[in-house]
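Form predicted on its own, single chain, as structure tokens, below.
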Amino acid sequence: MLFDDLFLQPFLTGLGLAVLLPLLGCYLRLRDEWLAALTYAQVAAAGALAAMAVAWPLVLGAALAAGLAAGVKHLASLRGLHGAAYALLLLGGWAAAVLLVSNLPAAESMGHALFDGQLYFTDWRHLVVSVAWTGLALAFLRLFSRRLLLARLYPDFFRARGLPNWPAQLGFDLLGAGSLALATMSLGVMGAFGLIFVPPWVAFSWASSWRRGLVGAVGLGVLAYGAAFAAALEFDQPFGPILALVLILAGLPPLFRRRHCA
């Protein structure tokens, strides 16, 4: 069934995200900002529901809300308060989403779709956007990866040389927010969070270098995505929960290893 036209297009749509999200997750984990993934996904879901209330495109609402959250997070991080910003944004996104679902009858089914994932209902436009965004994100990471690594490993490097690094930092925040907004629209809140959190966590538990960690995270993300998609089709189950279960199984081995990244 995977190669049937009905399912091949959704599979390819999510495949690009299964490559991109673990990569972004590696940088988020390196920066101790993995909680931002769940925050952006939750806020994006609330933004999509708000867009539905005013008859705007759902993707636009999700992207604007997640981008605003990234801006708030960036400003808070300049003052060392990004941890508190995550918590407040997460609570705000959840509260807004629940209120919108409760007060807009038409938003109830969409709310379930956003949290459970609606990958099977994506069309060719989602595929085009997913491919284009993944290409843009990979180009950005290739261009600014060194800056992001230096900012984390040698925080005084740019200050000592009088070089501004905020464009790369803000750009990465916006890139992460946009990616999570796009992933939330197809994979769901928890599916997107699982792909950006579990593969890097597992890869960091055994990888002996940064590059091996990146390759391992992407490989695990793609394998988990493919296995979950095939299992969901075979047993006629919703994709999001199956993906979460597959990722949980993949995340069990590091719990029993002596060397792991918490």
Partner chain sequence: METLLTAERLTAGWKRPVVGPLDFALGRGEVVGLLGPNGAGKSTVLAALAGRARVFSGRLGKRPGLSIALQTQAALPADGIPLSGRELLALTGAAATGLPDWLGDRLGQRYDELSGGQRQYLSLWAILDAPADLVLLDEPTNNLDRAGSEHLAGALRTRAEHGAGVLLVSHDRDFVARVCDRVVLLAGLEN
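Positions refer to the first chain, counted from 1. Here the structure is a predicted model, which is why all the values come from computation and not from measurement.
The form predicted together with its partner chain exists for this protein as well; it is not shown, and the discussion that follows is about that form.
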Is there any non-hydrogen atom of W34 lying within 4.5 Å of its partner chain in the model of the complex? no
Taking its partner chain as it sits in the model of the complex, is F204 near enough to touch it, meaning that at least one heavy atom pair lies within 4.5 angstroms? yes
Examine D156 and determine whether its closest non-hydrogen atom to its partner chain in the model of the complex is within 4.5 angstroms. yes
Is there a heavy atom of H112 lying 4.5 Å or less from a heavy atom of its partner chain in the model of the complex? no
Contacting member of L30, A53, L68, V215, with respect to its partner chain in the model of the complex [4.5 Å, heavy atom]: L30
To verify the annotation, which of these, L91, A76, L174, L150, has a non-hydrogen atom within 4.5 Å of its partner chain in the model of the complex? L150
Of the candidate stretches 39-47, 207-215, 54-62, 223-231, the one with residues having heavy atoms within 4.5 Å of its partner chain in the model of the complex is 207-215
